[in-house]
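Take a look at this single chain in structure tokens; it is the form predicted on its own.
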């Protein structure tokens, strides 16, 4: 067995929170290693297609541009970001991070910055229609909706915003929500209700997807009845779930799986910290993620 790699801090995740933590570790003289499971750093920034205008002193055309600027700043400091490095396990006493390829890292502290992932329903043939009618983003994929009937599923800001964007190119948009009321802000609900292309369907859920090759129809269930609709494109915006499975056996989480932390981003296990959306269901923003990364790095520095 190869000797473990030792470092002051192992940061798991290279989104805004993890990158901010890395920058502040360097600022404080801590040796940090950033582990990113994906092929490139960026986290949720890589599926942010709208312009970024609410990060103080900073604007970007989309998430990828913001990511590029963040990563450039990190790399100019010579910090070590390792893509395609999947953290498979975390152990205590001694603190260890095991990678899926067999490598072991022994840091003095771990910062979990694994973010969240989008929820999707458990549908039998969902994967079959991915890229054949299932859209990833209304902003990015709006041209794929030209001349089609589109369905957006969800009841929050993201669902309503995507419905409005897709209504600009689609012939018709169904906005489907499982409840009668919505979580979306009034500015979005008012705009959707005023748009003649959008039809709201409440108290309904997607039961089946059908089509030869590409998506052709969606069956909804609600109030004990089924309803089939001709639909050529579909996008789900039904919330997110935290990527906390790596440490759920070690640290306290809430009922939804978000990691519980104190004001210094410490978990209930010494040496393990959590930052960004995986530990912040209240304010999942770039601003919050960046601040939490700095907070955790300073807390680690004080503890070490």
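Numbering follows the first chain given and starts at 1. From a predicted model like this one, the values you see are computed outputs, not experimental measurements.
Same protein, other form: the form predicted in complex with a small molecule, not shown, and the subject of what follows.
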Notebook entry, point to check: Looking at the small molecule in the model of the complex, do all three of 157, 183 and 205 come within 4.5 Å of it through at least one heavy atom?
Noted result: yes
Next item on the list: Given that the partner is absent here, state which listed stretch (25-33, 234-242, 63-71, 268-276) has heavy atoms within 4.5 Å of the small molecule in the model of the complex.
Entry: 234-242
Check: For residue 178, is any heavy atom within 4.5 Å of the small molecule in the model of the complex, or not?
Finding: yes
Note to self: residue 174 versus the small molecule, in the model of the complex: is there a non-hydrogen atom within 4.5 Å?
What the structure shows: no
Note to self: Residue-level question: is residue 141 within 4.5 Å of the small molecule in the model of the complex, judged on heavy atoms?
What the structure shows: no
Next item on the list: Report yes if any heavy atom of residue 188 sits within 4.5 Å of a heavy atom of the small molecule in the model of the complex; otherwise report no.
Entry: yes
